[in-house]
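Below you'll find only one chain, the form predicted alone, shown as structure tokens.
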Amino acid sequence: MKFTATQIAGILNGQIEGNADVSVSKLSKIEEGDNGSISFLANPKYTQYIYGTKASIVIVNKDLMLTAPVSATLIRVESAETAFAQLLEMYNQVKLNKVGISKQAFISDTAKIGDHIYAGEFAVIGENAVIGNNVKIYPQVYVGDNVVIGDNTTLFAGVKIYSETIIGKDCIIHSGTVIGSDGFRFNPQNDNQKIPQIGNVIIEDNVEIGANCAIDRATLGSTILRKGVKFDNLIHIAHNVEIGENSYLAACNVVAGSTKIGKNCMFSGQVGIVGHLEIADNTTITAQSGISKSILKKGEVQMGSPAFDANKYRKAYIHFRNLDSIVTRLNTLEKLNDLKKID
């Protein structure tokens, strides 16, 4: 699909400098732009590229001062970064605007399907499932029995949703993610007998889950992701965990069973949290930290393994780095002390 500079400027409420009729059909970085592409310049460090870019259209800030001619058509806006993000969102909506049910998809006769859905090849929708309006179910997605999926939710290729799961509106779940698999629970007193996991998973509205995540169903009750939660790739959430509203978890986080995480928390990559803890609202945890006890004070920043207050950790780490020299000094002092005793 092609758009002219005039059309784009109208969408962005921008001013055109150059050929208003030039058209573009793809997006590019300014340093890699080629004919027929549109790019943007927001960071002053990249200003040099505007004079040589082959992009047909470049979105720039209104106050950008040029020191040489440019071949690209410019669209001047209040904020180039904001405007380009708006274009990216529109482009993404057009690209992902799939509708229709493939002849190779299987939908149970007892399932309830909303309007304008997309179901790709080899997608499976189980018995008594309820699918909202404008839901997109990509190829090879499995939606189990009694699953409920809200309006405008997207399940990318290969997502597996086990039975009884409830997913809200405007959610995005990326490829390879499994939701509702059994929690990891066995009875060591009875030859490691498996304990049945008969709960479910509830995902509220506006949640995004990255690729290859695993979210276990509860033993009893529900594993819950509250509204606005955002997950990176490769995250494991164990049975009966609850993640509070608008919390962000980066890649490779692991949260063990029955831990409750508050609102607006931000966890960097490779954070591990043991089970049955409480993490207060607005907690920040730095990368590769191990959380072994509850964090009850709101707004704390913790790091390390086992983790504690980040400022104290940094100070302690200075001493840890100097530990070898400190031990050498102590050994020297002990030897001197022993010599004095001999004298």
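Treat the numbers as computed from the prediction; the structure is a model and nothing was measured. We number the residues from 1 along the sequence you see. Here, rigid core means the biggest group of C-alpha atoms that superpose within 1.5 Å across both forms.
Below: the form predicted together with another copy of the chain, not depicted.
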In the predicted bound form, the residue from A42, L27, A280, A310 that sits within 4.5 Å of another copy of the chain by heavy atoms: L27
Contact stretch among 109-117, 128-136, 70-78, 228-236 - heavy atom within 4.5 Å of another copy of the chain in the predicted bound form: 228-236
Heavy atom of E208 within 4.5 Å of another copy of the chain in the predicted bound form: yes
4.5 angstroms heavy atom contact with another copy of the chain in the predicted bound form for K98: yes
Non-hydrogen atom contact A83 with another copy of the chain in the predicted bound form at 4.5 angstroms: no
In the predicted bound form, S294 touching another copy of the chain (heavy atom, 4.5 Å): no
Candidate spot Q104, K194 and G304, all three touching another copy of the chain in the predicted bound form (heavy atom, 4.5 Å): yes
Stretch 154-171 - residues with a heavy atom within 4.5 Å of another copy of the chain in the predicted bound form: F156, A157, G158, K160, Y162, S163, E164
Large Cα shift (2 Å or above) at Y46 between the shown form and the other one, core-fitted: yes
